[in-house]
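Only one chain is shown below, in structure tokens, and it's the form predicted alone.
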């Protein structure tokens, strides 16, 4: 267990503003025989008033979450394939002078969904992916990948072997890493003088506004704001030079970071920092309000599911996501209210959801025996899903969502 009552970024004393209760490993889909040995930890978020980092007090040790059985492959989503191609194209066109003399590094490269565009362009590259099963998929595609956790020590080894990097990038990864100071110290060593770090993660502003508390789970030890990222950069002589909002994961932010003074700071940075100040991102009462909103959302969802059950209607979950683990366990929802969860990931099928132990079944079963209602756990992929599920709606199926409010539609 990785636990701290001091801020992981600045060392300031922190305390939780709420508890989501006992939580299992969010991606820890399991067999019935494993129920009795399932691991749980208390999930308590906190806010640091000194460096503005929204963070979990406790987090399971990294190998419990990222290992050879990690059941998440980015390439399964067509929408994410397009998104990461566009991200790669932007980095190549804006930040690489020549392809052959460059070197790029991706942290948390998963199955190579983004790094393959650099490989296909003949750009020297290195992917760092701690989950061996997904790293192996990338290696089979000829993408240079090592299965390690990135930190300052690994950065020293990379520097010796490969030299400095023109671009270091990451998508939905930084928020997973407890020791960001070691990571940013390594990045500062590895970046060329005019090199750039580009990363994107779920954005605190979207989570607060939409009450999308399912963004908080074991892997997401941080939910970043521009204010917290800027503060972190200051500690390592780095500088936030641009921010670009992204629609992915229910609202994300892409951050561009360089050595201090090497690039001009975009007006976007000044605007978003002012906006965060104005909207109370640094005010502790904002997080108490968020806590109250979470509690109301939970009550509304349970009440709706109980009403549907009383009407003898069937509810099936759509998407056995990591985020669904937070929703189900915080709300105390089990398979008395949800018959099963439909998912397209083979590693999750014929297993049970973490903690709540709702059966996970194949997408084919959803199609073969459609429910009256589908609870949209994968709400951040809603456009892609609705395009795919026109028949479900045509045949009278209805959706339940809980972000930004609990409703049937």
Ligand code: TYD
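Positions refer to the first chain, counted from 1. Keep in mind the model is a prediction, meaning the values are calculated, not measured.
The protein also exists as the form predicted in complex with this ligand; that form is not presented, and the subsequent description refers to it.
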Subject >> residue 319, heavy atom within 4.5 angstroms of this ligand in the model of the complex >> reply: yes
Subject >> Any non-hydrogen atom of residue 217 within 4.5 angstroms of this ligand in the model of the complex >> reply: yes
Subject >> 4.5 angstroms heavy atom contact with this ligand in the model of the complex for residue 381 >> reply: yes
Original post:
Are any of the heavy atoms in residue 398 no more than 4.5 Å from a heavy atom of this ligand in the model of the complex?
Top reply: no
Original post:
in the model of the complex, which of 366-374, 350-358, 336-344, 38-46 comes within 4.5 Å of this ligand (heavy atoms)?
Top reply: 336-344
Original post:
Looking at this ligand in the model of the complex, do all three of 249, 323 and 388 come within 4.5 Å of it through at least one heavy atom?
Top reply: yes
